[in-house]
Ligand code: 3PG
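Quick setup: one chain, the form predicted alone, written in structure tokens, and binding and motion questions come after.
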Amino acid sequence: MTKVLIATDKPFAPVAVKGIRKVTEEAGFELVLLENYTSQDDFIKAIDDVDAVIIRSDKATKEVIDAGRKLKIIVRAGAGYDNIDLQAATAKNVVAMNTPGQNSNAVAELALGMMVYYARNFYNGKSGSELMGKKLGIHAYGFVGKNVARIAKGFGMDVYAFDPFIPKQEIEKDGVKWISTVEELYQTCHFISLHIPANSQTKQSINFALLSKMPVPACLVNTARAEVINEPDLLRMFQERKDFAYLSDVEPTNKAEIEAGFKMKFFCTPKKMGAQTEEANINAGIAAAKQIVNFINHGDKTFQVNK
């Protein structure tokens, strides 16, 4: 019998697990759980005899993948997949997948929620400002970016987007202004919502040279990855631009230094929360289960990321 492992140190909501179980068991598969584990060794032991594994932010390292004697597929329930060692998966002939779009509304709502929180001075009782009429730049117009645009337009924001992989007409049909270069996006917008992946081209690409182009006042919102931010340059922005604010769903390594001097211009969630909604849990988890069933039974590799 095909065995599917859910390995989550941050577990899915119970209703999501119920949905995953329904999909897998209806396919005749066995579902096993490894939740709230405290050691990577626990993951390594659990993966020994399974055919498939579903993870969230868990690290699917080479050591983990190599320990899966029968492993055929690993699915990250979410869009990002930098927590999977793709080279190790390919070397072992293991298909790696993500579930693009399933968490996108949850992440977009968090991005706008943080903007409102900041614009209203973190609800400290003092007079704040409104988002209506403000220029918002969306850096990467994928699933999350599209949802950010949809919600931001509801606030009455003036929405712009840059994405070299999305045709101009696709962006403009959503009522969003297309921007041809990343520099122009940052020069134009007071708010930037960041949605780029972390890869060799993007890591530390959000630097002082780019951020310093933003008009006064400037606010960067990061619901993407910590690695795309040049953190020394981020601190420099705080030091040289008293108008600059940074709102993040990923904690910077220099958080203490930033908070010490710029607390009212900085906010980060206590842990990555973009996909932490019941709805996103359900959507991503069930999508992962369906992709496993379709791959095992029909060889469907639609969402493979290690091609």
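Note that residue numbering begins at 1 and tracks the sequence as displayed. Bear in mind the structure is a predicted one, so any value in this text is a computation, not a measurement.
Not on display, but discussed next: the form predicted in complex with the named molecule.
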Open item on the list: Using a 4.5 Å heavy atom cut-off, which residue among Gln40, Ser57, Asn254, Gln239 comes into contact with the named molecule in the predicted complex?
Closed with: Ser57
Task: in the predicted complex, segment of 158 to 166, 183 to 191, 74 to 82, 109 to 117 with a heavy atom within 4.5 Å of the named molecule - done: 74 to 82
Open item on the list: Taking the named molecule as it sits in the predicted complex, is Asn222 near enough to touch it, meaning that at least one heavy atom pair lies within 4.5 angstroms?
Closed with: no
Open item on the list: Residue-level contact is defined here as any heavy atom of the residue lying within 4.5 Å of the named molecule in the predicted complex; does Ala275 satisfy this criterion?
Closed with: yes
Open item on the list: Does any part of Lys10 reach within 4.5 Å of the named molecule in the predicted complex? Heavy atoms only, please.
Closed with: yes
Task: Residues in 91 to 105 close to the named molecule in the predicted complex, defined by a heavy atom within 4.5 Å, in order - done: Asn103
